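Quick heads-up: it's one chain on its own, the form predicted alone, in structure tokens.
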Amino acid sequence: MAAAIRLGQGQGEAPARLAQALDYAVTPGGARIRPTICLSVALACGDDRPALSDAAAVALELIHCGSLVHDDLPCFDDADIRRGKATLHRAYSEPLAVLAGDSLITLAFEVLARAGGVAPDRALRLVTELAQRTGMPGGICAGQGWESEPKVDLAAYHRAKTGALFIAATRMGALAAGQDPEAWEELGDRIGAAFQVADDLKDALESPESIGKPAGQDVAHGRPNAVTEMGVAGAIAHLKDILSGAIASIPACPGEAMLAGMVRAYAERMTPVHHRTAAR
């Protein structure tokens, strides 16, 4: 990620504040869950082109970070805090936030293109995969677009807004390792669905300090969410069902046990803090 940001900043010819904003947008890095999943799948599949797998993971995270910068803008969430610090538009200005988000998204495809020489056929498929999960009709842009519709398809909304990059993570890991991505889509879909439900629960139940961003945003913005649809108990039960299905969906591969352990670890982290405490 550090090397990618240096690439995006150039050799001193770029506008200084925008160059600084790129680093600000990806630091600190959060959990880096999507690239971790991508690399884990690649490793489970053999990972015979590690430079390409690394590039795929970095590109995925750059897209995610760029989307967060845009999500926080006044025209969307109008958030003041992200990952425990001021959102980029608060720290650098709204115009620079738009440009930084755009720059991170385009940088993602440059990173993939530069790494593509080791396996051009795989790299082209990775570019296509990332583009489809970023834009329309079913990528994260579509997910944001659902919030402007008078009637929302909750499943399509969650699959696009949150699930798209998790599906990209599992599929791109397989692609980078030269394997069929179709077998890995269900795992990404289920992990993405689980993270969306967990995010809805945290937004409803936890404090801004514990999640590092404003809470209560779904209610404030009238967004569809699992807690409103199912209640807290129903959403938690649904989360557990999704994660059980995720483990069952892992394709047979040398790293199957490792991936199952990773999903179980994420399950613990995704369960709301007060519910984990009560369960103990």
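Residue numbers here begin at 1 and follow the sequence given. Treat the numbers as computed from the prediction; the structure is a model and nothing was measured.
The following text describes the form predicted in complex with a further copy of the same chain, which does not appear among the structures shown.
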Exercise. If you check V98, A91, A183, I81 against a further copy of the same chain in the model of the complex, which one has a heavy atom within 4.5 Å?
Worked result: V98
Exercise. Using a 4.5 Å cut on heavy atoms, which of L205, A198, A177, A142 is close to a further copy of the same chain in the model of the complex?
Worked result: A142
Problem set entry | Residues P15, L22 and I105 all lining a further copy of the same chain in the model of the complex, heavy atom within 4.5 Å | yes
Exercise. Would H70 count as a contact of a further copy of the same chain in the model of the complex, using a 4.5 angstroms cut-off between non-hydrogen atoms?
Worked result: yes
Exercise. Does at least one non-hydrogen atom of K85 fall within 4.5 angstroms of a further copy of the same chain in the model of the complex?
Worked result: no
Problem set entry | Contact of T162 with a further copy of the same chain in the model of the complex (heavy atom, 4.5 Å) | no
Exercise. For L154, is any heavy atom within 4.5 Å of a further copy of the same chain in the model of the complex, or not?
Worked result: no
For this session: Residue by residue through 120-142, tell me which have a non-hydrogen atom within 4.5 angstroms of a further copy of the same chain in the model of the complex.
Result: P120, D121, A123, L124, V127, T128, A131, Q132, T134, G135, M136, P137, C141, A142
